[in-house]
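A single chain, nothing else alongside it, follows as structure tokens in the form predicted alone.
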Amino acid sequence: MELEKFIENFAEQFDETDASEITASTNYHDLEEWSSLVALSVIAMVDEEYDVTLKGDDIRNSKTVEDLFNLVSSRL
């Protein structure tokens, strides 16, 4: 699993946020468009793309996109 591809998949869950704004060190909770709906989209994307089940706590406890990537990687 590659970090760059994960960031790309993560960024696709946002309609209005430009993908170039999202990097490994982005604190996604601070993004203007971040919402519970986007969180559900991220959970669904991770399940579909990586066959890893995330819970709401996983999303809340991770700060950056890289934190989430590392969590998903650890469950593969």
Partner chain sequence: MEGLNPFSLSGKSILITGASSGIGRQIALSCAEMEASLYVSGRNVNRLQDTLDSLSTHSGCHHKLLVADLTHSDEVNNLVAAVEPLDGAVLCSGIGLTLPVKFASQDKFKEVFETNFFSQVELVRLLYKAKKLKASASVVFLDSIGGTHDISAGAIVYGTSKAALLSATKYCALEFSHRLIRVNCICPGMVETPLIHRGTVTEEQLHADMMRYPLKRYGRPEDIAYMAVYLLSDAASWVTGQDFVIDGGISL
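Residue numbers count along the first chain shown, from 1. Predicted, not measured: the structure shown is a model, and the values here were computed from it.
Keep in mind that the form predicted in complex with the partner chain is not shown, yet the notes after this line are about it.
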Within 4.5 Å of the partner chain in the model of the complex, do D18, A24 and H29 each have at least one heavy atom?
-> no
Mark Q13 yes when one of its heavy atoms lies within 4.5 Å of a heavy atom of the partner chain in the model of the complex, and no otherwise.
-> yes
Neighbours of the partner chain in the model of the complex among 36 to 62 [non-hydrogen atom within 4.5 angstroms] = S36, L37, L40, S41, I43, A44, M45, D47, E48, K55, G56, D57, R60
